[in-house]
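Heads up, the chain below is alone and in the form predicted on its own; it's given as structure tokens.
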Amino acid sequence: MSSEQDHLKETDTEERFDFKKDSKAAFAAEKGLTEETIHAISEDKDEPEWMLERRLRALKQFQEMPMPTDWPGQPDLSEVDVDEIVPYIRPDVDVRAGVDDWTELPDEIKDTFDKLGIPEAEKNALSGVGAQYESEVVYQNMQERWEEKGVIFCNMDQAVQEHEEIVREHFMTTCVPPSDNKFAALHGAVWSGGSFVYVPEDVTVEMPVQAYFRMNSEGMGQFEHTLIVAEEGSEVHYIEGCSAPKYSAINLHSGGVEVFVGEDAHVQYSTVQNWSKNTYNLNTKRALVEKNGRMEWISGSMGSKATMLYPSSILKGRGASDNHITIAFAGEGQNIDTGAKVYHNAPNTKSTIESKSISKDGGRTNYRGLVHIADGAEGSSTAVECDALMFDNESTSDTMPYMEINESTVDVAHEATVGKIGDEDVFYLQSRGLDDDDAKQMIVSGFIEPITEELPIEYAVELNRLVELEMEGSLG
């Protein structure tokens, strides 16, 4: 094992995530959201006119839409004031499209991603890596063997310039239009950075590609956009990590994800989000799945003050399938509202949703989901399972499933359980030599195992450690 790997394993997980760096910005927009801001961002990126026009249309839609306030039990968004958020910060990196050599990065940025373990992950387990700092991707690399097969993995700003035809066709048109919701419109106006993944027909990318998004500055917003296009018969696994240090001012994360799953293609999208307790995490993620295509979402969400995250899939073609696995953790002062949406719009489509939530010290978790089976989607099936674990009487866990079934020849199942950690379970483990904290951590690890076993081992270990730190109250 290399000395870098030894250091990474010895580095405390809390230290790896909850640290701050002084860094220079080459360009920073003013606080707030105006047409002048949009023009400044687009000009700084040297974007084509059509992208500027889309940004301005999205801004108009954002201004016309009301803030969501009428959802039962939704997180309180009254502190989210876009006029107090800095929407765009470009770090001081010479190469605008990012670099492909860690040694070319400024020391303060390189140190950030060294602590997060990105270089080692790239060496050992990944086909490609992207790293975003503030509003821009600062590092991007793809193994040569995949590039030779026509696989594209680059940042979204580069894709707008170099793969304009594909981006123009897919970017916020049919999958996640700005009209979808207020924060999708905000995202469409000020998006910056993110990943573009294109996999040609019948190509299987055998190792995952990863992107990591880091917010370092106080009071900023991060609005990365991820666009994945998997052509017929292709396969790819995309992994996303997110983190931010704790500040007193509010930070806003409002990312957008669009996935196009071609006929007989398979896409797995895994994300572990560890935001700080001053961050509002409000994302829009959706996949369009063609005939016999398969989409898998694996999501872990923790750390933020409030999260509203509901990845969705539209099953467009016969035999398309979707699988959602989510885990949410809420501690003191946190409201983590997560779930999934699946639209069965074709016959013989299949979906499964498995949700695990943990709440302690008065925190609140909520599963909010929708399954829609359209008229004519005969032979379709769906199964939803929601399990919640609470540590104390002050914590809350809710389940809000919505089922819209417009076809009679379908199979629909829903199961929900809510429970507390039992004294007898803790006592049994203590009798086997564990102390109280270790016993509870072992119970929680077993509770979330169905999620962690779906992740590569490095990420499963990290997710378990993050949950342990949340239980200790150490993060954010």
Partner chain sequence: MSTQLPASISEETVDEISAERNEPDWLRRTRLDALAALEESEMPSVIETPGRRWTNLEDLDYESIVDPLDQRDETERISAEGAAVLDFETALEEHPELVEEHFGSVTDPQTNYLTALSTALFTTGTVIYVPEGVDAEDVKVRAEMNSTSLFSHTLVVAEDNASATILERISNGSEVDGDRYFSNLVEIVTGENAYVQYGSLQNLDEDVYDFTLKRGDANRYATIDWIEGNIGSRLTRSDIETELNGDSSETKIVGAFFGHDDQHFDINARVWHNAEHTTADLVTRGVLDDEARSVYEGVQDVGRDAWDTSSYQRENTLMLSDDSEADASPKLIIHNHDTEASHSATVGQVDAEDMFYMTSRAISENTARNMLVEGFFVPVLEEVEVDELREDIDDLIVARLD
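Because the structure is a prediction, the values reported are computed rather than measured. Residue numbers count along the first chain shown, from 1.
The form predicted together with the partner chain is left out here; the points below concern that form.
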Let me test this: is every residue among 235, 262 and 275 within 4.5 Å of the partner chain in the predicted bound form, going by heavy atom positions?
no
Any non-hydrogen atom of residue 347 within 4.5 angstroms of the partner chain in the predicted bound form:
no
According to a 4.5 angstroms non-hydrogen atom cut-off, is residue 403 in contact with the partner chain in the predicted bound form?
yes
Classify residue 375 as contacting or not contacting the partner chain in the predicted bound form by the rule of any non-hydrogen atom within 4.5 angstroms, answering yes or no.
yes
Quick one: does residue 398 come within 4.5 Å of the partner chain in the predicted bound form, counting heavy atoms only?
yes
Of these, 84, 394, 206, 164, which has a heavy atom no more than 4.5 Å from the partner chain in the predicted bound form?
394
Exactly one of 449, 407, 36, 435 has a non-hydrogen atom within 4.5 Å of the partner chain in the predicted bound form; which residue is it?
407
Segment assignment from 37-45, 56-64, 427-435, 407-415: heavy atom within 4.5 Å of the partner chain in the predicted bound form
407-415
Residues of 356-390 having any heavy atom within 4.5 Å of the partner chain in the predicted bound form, listed in sequence order:
370, 375, 390
